[in-house]
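Only one chain is included here, represented as C-alpha cells and corresponding to the form predicted alone.
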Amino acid sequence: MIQFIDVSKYYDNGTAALKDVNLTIENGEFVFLVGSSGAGKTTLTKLLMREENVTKGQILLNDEDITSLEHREIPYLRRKMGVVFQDFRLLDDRTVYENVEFAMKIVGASARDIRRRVPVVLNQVGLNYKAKLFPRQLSGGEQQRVALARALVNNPSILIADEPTGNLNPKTAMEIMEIFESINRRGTTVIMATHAKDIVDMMKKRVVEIEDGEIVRDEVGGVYHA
C-alpha cells in the first residue's frame, strides 16, 4: 500500500508543486494521474521514487516511511519500482537484450538469473524475436516495449509510467496499454501519468486528477474529464 499523508512540496523559488496531498493506493491497483502540464503529476511520482523529498508530510510504502530513508537506502527502495518514460531512454549502442540485461546487472543479478529472466520479459512484451537488434532498428512502439521490459525485468511491485504513449500512434498506444493491463492483472501496482484522454476514457480505471498541486478528483472507473 502507498500512502501520501498531508504531503506538500515547495521548491526554493517558492513554487508549490503539491499542497497537502492525501492519497492511498492499494497493492495491485491501476491508477491514472491526470491534469494539465505542471499540475503536479510528475512531482508526485518523483516523491514516490525519492528523486525529490517532501517539504512536509509522509509517504508510506507498506507502512515504511520512505521520506525518512537515508541516501544509501534509496537504491533498495527503487528496486521495488519499475519506471517507463515517454522518451524510452534506451542505450543506443546496446541491443534489445543488452538494454534489458543492463537493468539486472546494475542491481547485481547473477549471470544465470539474467539468462533466465531476460528472455521471459522479452517474450512478455512480444519482442523475444528482436533481442539482437539495436534501438535504431525498431519502431517507436517496439522501443517502448523494450523500455517496458527493462522496467519489469527485476520484478517490481510498482510500475510508474510518465506519458508512456505520448510519442506513439493510437494503434500502437493501445497495444502498449494492453501490456500494462496484463502486467496489472498479475498483481503489479500501476501508476500512470497521462494526457491520453481516449485511453483513460476507454480503460475505466481509477482516475486521480491533480490541478495546481491539489487532488481535485479521485474517481474509480473514471474518465479523463469529470
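Heads up: residue numbers just count along the shown sequence, starting at 1. Values in this document were obtained by computation on a predicted structure and should not be read as measured data.
Missing here is the form predicted together with a small molecule; even so, the following discussion is about that form.
Although the partner is absent here, residue 191 sits far enough away that none of its heavy atoms falls within 4.5 Å of the small molecule in the model of the complex.
The small molecule in the model of the complex is not approached by residue 58, whose heavy atoms all lie more than 4.5 angstroms from it. When contacts are judged by a 4.5 Å heavy atom cut-off, residue 43 counts as touching the small molecule in the model of the complex.
Taking the partner from the other structure, the small molecule in the model of the complex has no heavy atom within 4.5 Å of any heavy atom of residue 169. Listed residues 39, 183, 199, 160 were compared with the small molecule in the model of the complex; 39 is the one with a heavy atom within 4.5 Å. Partner contact region in the model of the complex: 29-37, out of 29-37, 66-74, 183-191, 170-178, criterion any non-hydrogen atom within 4.5 Å of the small molecule.
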